[in-house]
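Laid out below as structure tokens are two forms of one and the same protein chain, each shown alone and named structure 1 and structure 2.
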Structure 1
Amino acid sequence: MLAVAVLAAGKGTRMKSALPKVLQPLAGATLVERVLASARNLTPERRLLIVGHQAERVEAQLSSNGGLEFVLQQPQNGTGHAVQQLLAPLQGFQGELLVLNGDVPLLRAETIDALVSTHRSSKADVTLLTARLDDPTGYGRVFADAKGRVSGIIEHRDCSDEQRANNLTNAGIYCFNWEKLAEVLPKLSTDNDQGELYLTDTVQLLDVAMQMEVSDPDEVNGINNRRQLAQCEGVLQQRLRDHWMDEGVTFVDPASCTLSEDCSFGCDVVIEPQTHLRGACRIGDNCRLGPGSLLDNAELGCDVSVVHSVVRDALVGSDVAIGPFAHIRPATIVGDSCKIGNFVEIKKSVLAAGTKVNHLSYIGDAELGANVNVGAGTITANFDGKNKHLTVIGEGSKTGANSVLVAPVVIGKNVTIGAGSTITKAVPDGSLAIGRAKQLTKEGWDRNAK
């Protein structure tokens, strides 16, 4: 049996944030959510989150994470004290305890799987994850023989010059035999500079300690401040870009683009500079995104271009051109072969195949049939000051420049609306509708006359 405990009680003072450190966002998910996800493949019997600072807020954020048990650490007096809080909830538990840190979000699932597997095969009391760092200053040094058996861990400040030459460091990730750990946890002492109970000290108290070195030291990067948060974001983004470039996506300037782990791409997609994808984007074959575009929970068919535009929570068909400077807002469906042009905003609307909205228009709460041509400056006036109303435009219809359609209103099929018209009543199929004031011209007008 396996239990996973995540240490998530700290305040994170150096983040200088009202948000608990473990709830800081990283590439679309919180730090602690990433840590929990990294152990998902293990299917543990118990998952425990040790909370403290703003515990209620952390619990509320993770309330939908099924089967998660919350254990309160109050006050927070070190990592050993945190794990001591598990003595009651894990009383009688037989198996391994995997201890993860809520602020170490880059661990790969494969690494954690290997740590647990190594621990089980070695039959050790504890197996700790280690990393070789180019600059190990400030980190505890791990001393082990060629077979990985640990003889000791010495904090940097206590190391001799010779010992500091060892760059094998403790990553703070452990797999314990729980029953053996439970025996030594009450023996921890606060006899140290910080006056805290350290989980590291249990390694000296257990009979057999082993270590497993991580292949990529970036995986154990911890986050204590916003600079480290940005560094981890950079590592994660590079992983994502490398993965998708290996899958056939072209990034013209990779470093200027960011992705979400929930994105997926078809074949021969090109991503131009300064383009960002958030949430669960689904991008079809031969799409070209950017430059300077943002897509958030957007689904695009094949052969779509999005130039200097924003697409959020929208469904876009194939062979569609969007932008430049268009805004496709949530609950919008754009059909195949549509064109959404310069400075166009579309909100909660359905556009059937072949419809064009080329210039300077707002389409909100509307249903447009196939092959509608929306003239420059057309507006669906959907809000009466209290409620939103629907505009329907039938297939093959055309609105003239600077038309205003005051909802609720139904425009039939193959209708032509004269430029500058304000339409407030239904227009039947095959009609010409003109709704504008009669032009008045006064010749010889002197604008300066009093």
Structure 2
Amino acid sequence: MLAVAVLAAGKGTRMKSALPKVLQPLAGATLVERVLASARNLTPERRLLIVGHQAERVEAQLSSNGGLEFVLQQPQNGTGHAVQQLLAPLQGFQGELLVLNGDVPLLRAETIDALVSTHRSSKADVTLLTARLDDPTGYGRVFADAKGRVSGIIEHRDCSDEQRANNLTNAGIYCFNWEKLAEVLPKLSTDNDQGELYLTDTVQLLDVAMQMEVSDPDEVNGINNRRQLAQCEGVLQQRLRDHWMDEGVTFVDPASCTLSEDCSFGCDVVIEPQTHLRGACRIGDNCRLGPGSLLDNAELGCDVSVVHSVVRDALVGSDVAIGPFAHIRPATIVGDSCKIGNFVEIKKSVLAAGTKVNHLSYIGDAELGANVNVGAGTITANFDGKNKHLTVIGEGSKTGANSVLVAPVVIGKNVTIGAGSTITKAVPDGSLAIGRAKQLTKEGWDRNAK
């Protein structure tokens, strides 16, 4: 039997944030969600999350994570005190307890699997993950013999200079024999620099403690401050880009681009510099994104180009050109072979295939049929100060430059709107509508003749 417990009760003082540390985001997911995901391959009988600082907020974030038991630690008197809170809920439990620090988000599931199986085969009372770090500052130091048997862990701040020179560090990830741990947990003392109960002190109270060193030290990065948060973001982004390059995506300048884990790409996609994808983006074959674009929850067909533009919560067909400098806002659907050009904003609108909005337009709350040509500077006046209204433009219609379409308004098919018109009434199919003052010309007018 296996139980997994994640320590997530700490405040994260060193982050200097109003947000509890374990809720800080990293490539689109919170630290604690990432830690929970690293144990996804195991099928534990119990999953417990120790919460304390802003417990309600942490619980709310994880409420959809089924089968999680929340255990309150109040006050937060150290990692050993946190695990002491499990004595009641795990009373009578037999088997292993995997303890994961809630601020170690880069662990691979395979590493956790290996820790548990190593522990099971060695029959130690505890097996803990360690890493040799070039800069071990801040981490607990692990003292072990050549066979991997651990005699103790000393926190950085409690180490002598000589002890600090040891760069074998504690990752904060432990597989315990629960019954043995339960015996020693009540014996912890606060005899250390922070005056807290340290989980690491259980190691010397247990008979047999073993360590397992990870090969990739990046995996055990712990996050205590914003610098470490940024370093971990860098590691994750690198992993994501490497993965997609292996899958056939070209990055012109990889380091300048960021992705979320929920993105997917077709074949021969090219990502130009300074381009960022957030949320769940689906990008079809041969798309060219950037330079300088932001896509958030965007779904693109094949052969779409997006240059210096923002596309958010939108569905775009194939063979579409977007930008430069376009803003496609939520609930927009752009059909195949459309063109959205310079300085164009589109919100909550549907554009059927072949429609062009090439220059300086705002299209909001609108339905445009196929092959509509929206003239430069056309605006849908969708807001009357209180409510938003719909503009409909039938297929094959063309609006003149600088048209204002005052919604609600329906423009039929194959309509032509004269340049500079303000359209307030429905226009039937196949007509020309002009809504502007007639030009007045006074011949022979000499402005100096007075």
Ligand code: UD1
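Numbering for residues begins at 1 and runs along the sequence of structure 1. Just so it is clear, the structure is predicted and the values come from calculations on it, not from any experiment. Definition used throughout: the rigid core is the maximal C-alpha set that superposes within 1.5 Å between two forms.
Please identify the form predicted alone: structure 1 or structure 2? The chain shown as structure 1 is the form predicted alone.
For Asp216, does the CA position differ by 2 Å or more between structure 1 and structure 2 when the superposition is done on the rigid core? Comparing forms between structure 1 and structure 2, the Asp216 CA shifts below 2 Å.
State yes or no: after fitting on the rigid core, is the Cα displacement of Thr169 between structure 1 and structure 2 at least 2 Å? Yes, its C-alpha moves 2 Å or more.
Superposing on the rigid core, do we see a C-alpha displacement of 2 Å or more at Arg157 between structure 1 and structure 2? It does shift by 2 Å or more.
Would you mind giving the Cα movement of Thr441 between structure 1 and structure 2 in Å, after fitting on the rigid core? Comparing between structure 1 and structure 2 after core fitting, Thr441 shifts 4.6 Å at its C-alpha.
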